[in-house]
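There is one chain below, alone, in structure tokens, taken in the form predicted on its own.
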């Protein structure tokens, strides 16, 4: 048994925190204090802050689009090599790092769980092959369904039992944790040569609307008892004035659980002259009044990034805008995707407003509902998180950074008027307790008895960016894996999935079409159990 003694424990999921105390670990779990005569190995944590391991709810780290991003950015890899060390692999990349480097860097920041946010079922093997190599963190993935031919066909029938059977089978076949929706209906509409969709645009070939798709999948996800609600990349991403679509989508789903991804990219208003400005305040007001919703922010930070998404119409628009490198893919009956390298610039007014909109959302919304992400690597690489935390905790620093931006930002956003400073407890909520709760992970995001012993210790510093950049210790299931920000032991993380009480199968009504139109047979479609060396499932109820 390990005793972490005299640390300042920050554990908001279990009530008021900030007390100096002891934490006991045995068998990879947090356990009650033992009897006085029980001998323990002691780690003196005097002067250290003790938190749960951080949980990344939305990131792009594995699979075909990430591989495409690496191929499109050779300069990113030449410039950022990572040398092999004893027991640790070499790698490359700053913006789209190779998979081992991704795991080392996440763990080096205190992250112990990471979710890949966008997986087409047909490519799930590729995703799980990479996730199996991702070291030091537990991992899971969300399965794309918002433009899936058979999902749309099942919705058209109005038979919720048929849709439930199909969704359950897709999650099982792909080894997924939750349902992901990207620009519902909009990708399919674009494939047919049509323009952008509204929430009520009929989408071929079944002439159902994005509203139909969202309502049906949210209802079925609830009926299946999934631990995480439908994870939504809404329509109209990145467009000036898209706050109208975002709020309309939220109103359509009010009263039901839903998670809105990278909300910064969906919170743009227009002024009376039709120019781009922040719509964060109205989105924040709606979210605060609807605790059934959660969201992650998708913060933009200045510097290189790489946009990668199943929203292929968006990527085509970005390619037209930037004129640089572009990759696109049409994936059989399931989805599209695209990759466009990007640089966010301080002196570009649009980029500066994006930066401010993300911070506004983080400062205006309850941190139990709004989680820190960069939609890695779309808004920025994940390793900028300590800098974002400093912006949230230090209003003077935030104002000084705002002063470095074009003057129009202060007119087009309300960031300059926000004096709020995050407390340490609120940082733990937005990076750990909140995402774990939204994911239905009862053993993560807290330090109560029975929790996974994913524990991070920081040395308190005035410079909070430096503090969060370099944890003193990171324990994964009770094993020390990081010391002073550097990995010291390799450890394989678990793959997190779901398990149903029913054995959902591919609907027989669709078998003939599947055999006719897919390039593989239904028997070769599901990911085999051999792909999951260590697996933990949440039983749906």
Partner chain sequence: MRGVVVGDVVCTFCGSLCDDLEVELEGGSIRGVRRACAVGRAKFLAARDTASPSINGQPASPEAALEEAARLLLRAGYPLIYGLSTIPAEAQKEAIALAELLGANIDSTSSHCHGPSTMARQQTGLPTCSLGEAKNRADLVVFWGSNPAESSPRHFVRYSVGARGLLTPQGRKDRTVVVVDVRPTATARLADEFLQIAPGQDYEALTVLRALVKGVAVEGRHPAGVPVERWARLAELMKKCRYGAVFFGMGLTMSRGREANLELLLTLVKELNAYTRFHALPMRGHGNVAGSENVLAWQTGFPFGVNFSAGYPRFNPGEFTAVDLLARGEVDACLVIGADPAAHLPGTCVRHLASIPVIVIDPHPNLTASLARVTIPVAPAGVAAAGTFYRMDNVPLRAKKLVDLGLPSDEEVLRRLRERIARAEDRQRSHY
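Numbering follows the first chain given and starts at 1. Since this is a predicted model, take the numbers as computed values, not measurements.
Beyond the structure shown, there is the form predicted in complex with the partner chain, which is absent from this document and is the topic of what follows.
Although the partner is absent here, residue 20 sits far enough away that none of its heavy atoms falls within 4.5 Å of the partner chain in the predicted complex. Heavy atoms of residue 223 never reach within 4.5 Å of the partner chain in the predicted complex, leaving it off the interface.
Though the partner is left out of this view, residue 100 does reach within 4.5 Å of the partner chain in the predicted complex, counting heavy atoms only. Although the partner is absent here, residue 125 is a contact residue: one of its heavy atoms lies within 4.5 angstroms of the partner chain in the predicted complex. Residues placing heavy atoms within 4.5 Å of the partner chain in the predicted complex fall in a single listed stretch, namely 69 to 77, out of 365 to 373, 275 to 283, 248 to 256, 69 to 77.
Contact with the partner chain in the predicted complex holds for none of 14, 291 and 360, as no heavy atom of theirs lies within 4.5 Å. Among 324, 241, 450, 158, the residue placing a heavy atom within 4.5 Å of the partner chain in the predicted complex is 324. For the options 424, 331, 350, 215, the residue carrying a heavy atom within 4.5 angstroms of the partner chain in the predicted complex is 331.
Residues are counted as partner-facing when one of their heavy atoms sits within 4.5 Å of the partner chain in the predicted complex; in 511 to 541 these are 515, 516, 517, 518, 519, 520, 521, 523, 524, 528, 530, 531, in sequence order.
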